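The chain below stands alone, shown as structure tokens; this is the form predicted on its own.
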């Protein structure tokens, strides 16, 4: 609870700092503030407390995911300083919105009540709508913001309708009350319809097929830093909420929807990987890659009876850190060469060996190559899926993982085997730090996976 309050206060402080003409201090204040909040969040480890009549929960699950989200938030904030260098007059607005996005994500990983769950999703989504369309003179950004807003609004409406049906059946928004009702009585069609509508909305939020159609266009048209937030903070928070919701409130009515989860998982993994094969835009390729990773995380959701929270957290960590490194490098390349195409990475191995090596490691981690964190992320998810009887889905996921190696290596080959004209190439210290730290984390989590696997 304190983590959420302090992060909200930091967002307000960023807005007030502009009024006090402290524009140059806003970025270091935001970074330092998030680092302090990260430390305070760790002090909640081992506590199992509730606040405001179970509206907010503090347990190891919320602390672990909050820590991951705060770390990603620090990375995003560090990158924002240079990313918005041409809009210094608005830097306080951008940082405040980024931090409020983080507030929504923190609410999503620590809710104990449907009302807080909905508030978290709306704070997260509305902030991202604004950031997606923040380039007012860029038609692609305008399209991305409008498309994300319209599709997100429909999904939120479906979610709210589903929550209303659940309330009409149980008379409560509290997850514990809903769970007790579902296990003690025989729910009516109203309850199953509400759970189904919530499921549809969550599948949209995590960009699972066939509700993924918005993601490629929105990812490609949005500013790259915003896309990085969508791919990391928003997706991880949504999956954490997805798991908490169905493992706490709907576990007893999960079996009737098992075939839906299985079909969606298989479709998401396959569509994401095979569509990514033919992309020539790096951001669009990462969008379809993100869809496939949503499918892998869905394997953890359909294995709820096996307590897969550790596997989901480890996979979220590996995917989030790999994506952050990849998007940071994409921002550097786009700023120097003015292109987000894969061909813009041609010859990067000669021009900037550090960036090329880092991107190679990030791509290999996403592909699940040992000894990187991505390998163990997939290993734990697949192991839990097999243990819970989803062998055919696991075999399909393994085959798709092999397919994904092709489009990840396409970027690597462009960097090391193709030539490009010599151009001036600058790399800011903040980007070097974020990229280097992400790569270090991928190696540490891959070599010492036990540091993360036993947390929850």
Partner chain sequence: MLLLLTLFLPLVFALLTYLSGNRFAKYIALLGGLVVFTCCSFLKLALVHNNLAPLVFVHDWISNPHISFALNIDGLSLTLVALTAFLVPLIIFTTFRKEIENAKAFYSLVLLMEFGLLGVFMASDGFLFYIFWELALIPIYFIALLWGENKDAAFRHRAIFKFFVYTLAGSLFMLLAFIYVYQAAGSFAIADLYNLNLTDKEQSVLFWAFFLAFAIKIPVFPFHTWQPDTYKESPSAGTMLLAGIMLKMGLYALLRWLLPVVPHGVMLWTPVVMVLAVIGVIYGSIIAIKQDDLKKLLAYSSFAHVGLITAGIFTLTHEGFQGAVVQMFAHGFNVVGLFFAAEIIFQRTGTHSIAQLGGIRTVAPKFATCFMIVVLASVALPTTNAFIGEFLLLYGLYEYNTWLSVIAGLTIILGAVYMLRMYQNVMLGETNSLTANFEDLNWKELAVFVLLIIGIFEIGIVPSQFLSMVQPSLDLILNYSLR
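Residue numbers count along the first chain shown, from 1. Keep in mind the model is a prediction, meaning the values are calculated, not measured.
What comes next is about the form predicted in complex with its partner chain, which is not displayed.
116, 78, 342, 364 - the one with a heavy atom within 4.5 Å of its partner chain in the predicted bound form: Exactly one listed residue reaches within 4.5 Å, namely 364.
Position in contact with its partner chain when the complex is considered in the predicted bound form, options 430, 405, 63, 57, heavy atoms within 4.5 Å: Contact check passes for 405.
Segment assignment from 366 to 374, 282 to 290, 99 to 107, 265 to 273: heavy atom within 4.5 Å of its partner chain in the predicted bound form: Looking at the partner contacts, the answer comes out as 366 to 374.
Its partner chain contact at residue 177 in the predicted bound form, heavy atom, 4.5 Å: Taking the distances in the predicted bound form, the answer for residue 177 is no, it never comes within 4.5 Å of its partner chain.
Residue 36, heavy atom within 4.5 angstroms of its partner chain in the predicted bound form: Residue 36: no, not in contact with its partner chain in the predicted bound form.
Interface membership of residue 412, its partner chain in the predicted bound form, 4.5 Å heavy atom rule: Yes, residue 412 sits close enough to its partner chain in the predicted bound form that at least one of its heavy atoms falls within 4.5 Å.
Residue contact check: residue 48 to its partner chain in the predicted bound form, 4.5 Å heavy atom: Contact check for residue 48: no, nothing within 4.5 Å of its partner chain in the predicted bound form.
Heavy atom distance at most 4.5 Å to its partner chain in the predicted bound form, all of 123, 127 and 197: No: none of 123, 127 and 197 comes within 4.5 Å of its partner chain in the predicted bound form.
Its partner chain in the predicted bound form - contacting residues of 392 to 408, heavy atom within 4.5 Å: Contacts from 392 to 408: 394, 395, 398, 399, 401, 402, 405, 406.
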